[in-house]
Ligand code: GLA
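One chain is shown next in structure tokens, namely the form predicted alone.
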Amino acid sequence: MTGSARQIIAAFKEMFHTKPATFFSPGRINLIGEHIDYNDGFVMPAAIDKGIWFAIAANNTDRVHVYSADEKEHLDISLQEIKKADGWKNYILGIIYELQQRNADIHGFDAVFGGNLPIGAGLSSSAAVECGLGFALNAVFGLDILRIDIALAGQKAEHNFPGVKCGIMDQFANMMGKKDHVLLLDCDSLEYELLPLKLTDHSIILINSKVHHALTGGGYNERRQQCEEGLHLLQKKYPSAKTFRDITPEQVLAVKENIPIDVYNRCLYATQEIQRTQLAAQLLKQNKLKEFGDLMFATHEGLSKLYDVSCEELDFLVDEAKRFKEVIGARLMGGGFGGCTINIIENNLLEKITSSITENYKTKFGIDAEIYLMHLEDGTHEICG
């Protein structure tokens, strides 16, 4: 059990004077397939060893009392009064509401949660809260809800409470992740394949730009709306196409003059990224990491130039990574507008490369970037002992 888990349990016992059940809910990375989950494409996420711990116990009342150890704030509300609030409380209230809509027999409970996921870094702390609590309530109250249904409830909670129209990727990775594997997820059918990730000579490194991104600010939802508009326009030309996976980049190019330029750019990126992710899965199965990394660089170019979700700081970090042949792939990860880059780097020069990148970044922007070494872990689970 980690120190963070012990701290959360200790805080719970001090506050509620009972023994809780304890759960770990991971953040996620996404190797490739960015902004594609809500476009019915393919994504390649994985659960990670950084996340959020929940200590939770039934309290034999109709009230919910949750304490955020990170924010040092309380939520105290009746189960009959669940409605939108502000900040972190929306993620807690949203998942309770969605489970109630599924007639889950939830009773009053006490909970303390906190973790080591940097907020705003694109590691999906929101899904970790939603699905972590959903999984914990499922276990504590014996609700018999399938993991996939907890993921779907978490996605709907994010839509309806904080108002981010996210795809299913974050919640799915949180629930279905497996140690030392990535998921190839079909976001249309929700069929998935677990692919071993063999990184004996390389490591996955995130570099946090420390530029904060707020997906509730509108940029994320705007991209989704532009894709919906573009798909509608493309379907007039290609009526048999149901989603972007039925349209090729060449077909998008053919109608460039008939689509607003921003909408055209979003559609071109979406169709290219769907193709890239499918190719990336084949390369991973063949253990062709160098070619896989080339696709990551191509994804960043698309996110920056076509999807317009990068920023000067993220572009700088990727350009710096390109200077080293030992960095086989790098790109922005997550919703964009800030957050992290994800990099695959040879182990023998790991420290030298990350030091060089962060020093140059500090010189350019005056910001101390943070480095995170990623290990792939299981999805949300109970911690015993």
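All residue numbers are counted from 1 along the displayed sequence. What you see is a predicted model, and the numbers here were worked out from it, not measured in a lab.
Omitted from view is the form predicted together with the named molecule, to which the following refers.
Put simply, of I92, L284, C166, I259 only one has a heavy atom within 4.5 Å of the named molecule in the predicted bound form, and it is C166. Proximity to the named molecule in the predicted bound form, defined as a heavy atom within 4.5 Å, singles out one entry of F316, Y38, F324, Y67, which is Y38. Of the candidate stretches 46 to 54, 343 to 351, 26 to 34, 356 to 364, only 26 to 34 has residues with heavy atoms within 4.5 Å of the named molecule in the predicted bound form. Mapping the unseen interface onto this chain, F292 falls outside it, with no heavy atom inside 4.5 Å of the named molecule in the predicted bound form. Although the partner is absent here, G329 sits far enough away that none of its heavy atoms falls within 4.5 Å of the named molecule in the predicted bound form. Within 4.5 Å of some heavy atom of the named molecule in the predicted bound form lies at least one heavy atom of Y220. Although the partner is absent here, G339 lies well away from the named molecule in the predicted bound form, with no heavy atom inside 4.5 Å. Contacts to the named molecule in the predicted bound form (heavy atom within 4.5 Å) from stretch 331 to 350: G334, G335.
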